[in-house]
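Shown below, as structure tokens, is a lone chain in the form predicted alone; questions about how it binds or moves come after it.
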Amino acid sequence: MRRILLAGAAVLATATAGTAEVKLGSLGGVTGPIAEIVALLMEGRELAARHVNEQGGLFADGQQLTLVVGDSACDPKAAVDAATKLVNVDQVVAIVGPNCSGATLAAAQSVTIPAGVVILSESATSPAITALDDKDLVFRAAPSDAYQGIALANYILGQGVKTVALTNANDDYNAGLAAEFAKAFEAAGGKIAAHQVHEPNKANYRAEVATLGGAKADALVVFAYYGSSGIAIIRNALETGAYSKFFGADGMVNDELVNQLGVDALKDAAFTTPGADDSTGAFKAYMELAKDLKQPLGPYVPNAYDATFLLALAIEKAGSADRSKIAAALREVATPPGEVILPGEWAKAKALIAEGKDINYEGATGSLDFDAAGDVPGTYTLNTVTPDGKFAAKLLK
């Protein structure tokens, strides 16, 4: 409950009393299995909104961009309820989020697509989202897991690990990622010695680990959210001696993993997350602006900034809070041709739009050139645990 109140306070802070406002939905798993990660994402969204408001706001009369928070709880039903309120009661012009793939699919199919409302998620990466009949209303500021599965498979094989056991939580995100990983790993010559789908939020996973351990693979690949099953599975694998080498993806990258399992237990663990090329001007601009955030490079935090800033640019380009104009405007501000806009350059972008000139936002995470399905290309980072108990990230080439 405390986290919800804090998020609400941040929302109120984005609008000045008595000033006209434009409401943008900020939908995410404020509670649920990745609440700690989402709290960091919300900071990224709020930072982007603050840059808009501090540099003149929206339109000629300087309307404030107000983020209206909805809690999807990383759960399909909760996401539908929260999206319904944002769309029908709060009357938001568009929505940034949700965070989790299952929540995004549910909210899009049941609420936002029928209502004609654009959603732009910074972290919903299931390949199933690409196939939605979405009327060009569903976009992502992070690449599909069709690519992350390949990146992780290539990294593991490059480490000399040829045989793995695989387990994934029974949800849209983790199931989709597991399928893409398994396909890429086997196509490149690797072997999946055992594969188990597990249900989240069980007291323990000793039975599943016993089966996976019986495969005698070189490592265990875990696709899960750290707070619902990931930590428990690795703990049980360590306790039974089934495995000591672990791989996974962004759902596992959180300090709580280290806090509960310890540094020694994770010395042979590595997890991929969508990342950014730290040599670009856009990345450097973001890092300077985000230096006061708790974790400016936390999983999907730069993506959250980009998604919020992009939607604000689309609203400005549309010239009004007309929902029907946002999708086309979003594509226009995110892709060439046009003068490049970097993170934080709201006043510059606003002036160019007012002059009728094209702009092209280059984000902290790279180019956000949406394809026909609303997907973007991307890069990935490898996250490992350092001796001092922190996650260190390096770009995967």
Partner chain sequence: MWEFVNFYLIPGLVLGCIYALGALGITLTFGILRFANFAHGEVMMLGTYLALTMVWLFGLHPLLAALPAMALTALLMLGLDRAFFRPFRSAPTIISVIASFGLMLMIRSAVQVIWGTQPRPILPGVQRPQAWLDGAILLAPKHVWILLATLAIMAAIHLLLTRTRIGKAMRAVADSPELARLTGIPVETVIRATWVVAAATAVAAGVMLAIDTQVETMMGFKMLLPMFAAAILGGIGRPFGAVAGGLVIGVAEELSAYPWLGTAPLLNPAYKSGIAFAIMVAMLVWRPSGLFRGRVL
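Residue numbers count along the first chain shown, from 1. Definition used throughout: the rigid core is the maximal C-alpha set that superposes within 1.5 Å between two forms. Note that the coordinates shown come from a computational prediction; the quantities given were computed from them, not determined experimentally.
A second form of this protein, the form predicted in complex with the partner chain, is not displayed here; the remarks below concern that form.
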So which stretch, 89-97, 72-80, 221-229, 295-303, is the one near the partner chain in the predicted bound form (non-hydrogen atoms, 4.5 Å)? 221-229
Under a 4.5 Å heavy atom criterion, is Ser324 part of the interface with the partner chain in the predicted bound form? no
Is Ala203 a contact residue for the partner chain in the predicted bound form, using a 4.5 Å heavy atom cut-off? yes
So in the predicted bound form, is the partner chain close enough to Lys135 to count as touching (4.5 Å, heavy atoms)? no
Gln260 within 4.5 Å of the partner chain in the predicted bound form, heavy atoms: yes
Could you check which residue among Arg235, Lys183, Lys191, Lys284 gets a heavy atom within 4.5 Å of the partner chain in the predicted bound form? Arg235
Check each of Val161, Ala265, Leu289, Ala175 and return the one that places a heavy atom within 4.5 angstroms of the partner chain in the predicted bound form. Ala265
Taking the partner chain in the predicted bound form, would Gln196, Thr240 and Glu256 all count as contacting it (heavy atom within 4.5 Å)? yes
Cα of Tyr226 displaced 2 Å or more between the shown form and the other one, core superposed? yes
For Leu132, is the CA shift between the shown form and the other one at least 2 Å following rigid-core superposition? no
